[in-house]
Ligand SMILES: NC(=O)c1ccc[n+]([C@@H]2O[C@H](COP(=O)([O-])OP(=O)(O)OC[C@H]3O[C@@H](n4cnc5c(N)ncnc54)[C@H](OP(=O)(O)O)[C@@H]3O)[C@@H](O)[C@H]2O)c1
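Just the one chain here, the form predicted on its own, laid out as structure tokens.
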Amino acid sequence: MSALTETFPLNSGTTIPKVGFGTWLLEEGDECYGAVRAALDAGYRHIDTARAYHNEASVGRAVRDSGIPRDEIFVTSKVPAEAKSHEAAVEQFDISMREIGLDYLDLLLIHAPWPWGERGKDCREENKEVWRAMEGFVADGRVRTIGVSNFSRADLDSLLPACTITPAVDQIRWFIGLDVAVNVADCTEHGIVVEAHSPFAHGRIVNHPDLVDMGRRYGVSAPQLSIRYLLQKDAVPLPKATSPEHIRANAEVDFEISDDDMATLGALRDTASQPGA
């Protein structure tokens, strides 16, 4: 079975495809539309976007034009990090739904626990209001599953007591060499699936000598090794690419990293800051 067709179960009672296609920094219009169509043509069935990416219209158009039944494509978007009230969450979600042009979203996330311009700001009470709005979107059928993004253990633990619906996903930055063990353990304890955005550290680890050398032993590239590592850690990687060649290559991850090599990769640190990375 291909990694593109395998799924993880979610605590909402549905499933999520194990590999997603990320669209951050893909420009609205031809670039985003073409990349998403190429991903869907290559077999991806999980597309991740956000209100803040300003490309939801292209994502929705690519999904509609693909000819693939809607219920076979898992689509994620996100409430902007700056929307920290019930009213703002509703307003931004309504814009997202008009832009994306789909009847429902499979997953909706709070994009971050604080506004991007105020990292670390205490928005615990505000996030509870946003969550209440998102539970309403589930109730009215416009969203199937809800979760969070970039939430630390403390952020997540502060939200959980206020939840009628437990978050199904926490989408965090995760790549080989970044220690996220505490956050992952907390998610596992609560039955929350971890999604890994930036699996290549924005391209900074694709030439790392340790990854290149190990990948060569498996006959794969460093990006393919990175994706496979995350899959074997039971995470959902969200690789992004623009060329059809790279999009297809990122899906060719049906190999197995040995336990010893997984341990070696798990022990690496500061990979994104190494010379040549």
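No experiment lies behind these values; they were computed from the predicted model shown. When you see a residue number, it is the position in the sequence shown, counting from 1.
Note that the form predicted in complex with this ligand isn't included here; everything after this is about it.
Only one of the listed residues (Ser152, Gln92, Ser198, Ser158) places a non-hydrogen atom within 4.5 angstroms of this ligand in the predicted complex, and that residue is Ser198. Proximity to this ligand in the predicted complex, defined as a heavy atom within 4.5 Å, holds among Gly136, Gly203, Gly191, Gly101 only for Gly203. Proximity of Asp48 to this ligand in the predicted complex: non-hydrogen atoms within 4.5 Å are present.
Not displayed here, this ligand is approached by Gln171 to within 4.5 Å at the level of heavy atoms in the predicted complex. Contact check for Lys240: a non-hydrogen atom falls within 4.5 Å of this ligand in the predicted complex.
Although the partner is absent from this view, Tyr53 contacts this ligand in the predicted complex, with a non-hydrogen atom inside 4.5 angstroms. Of the candidate stretches 93-101, 203-211, 158-166, 180-188, only 203-211 contains residues with a heavy atom within 4.5 Å of this ligand in the predicted complex.
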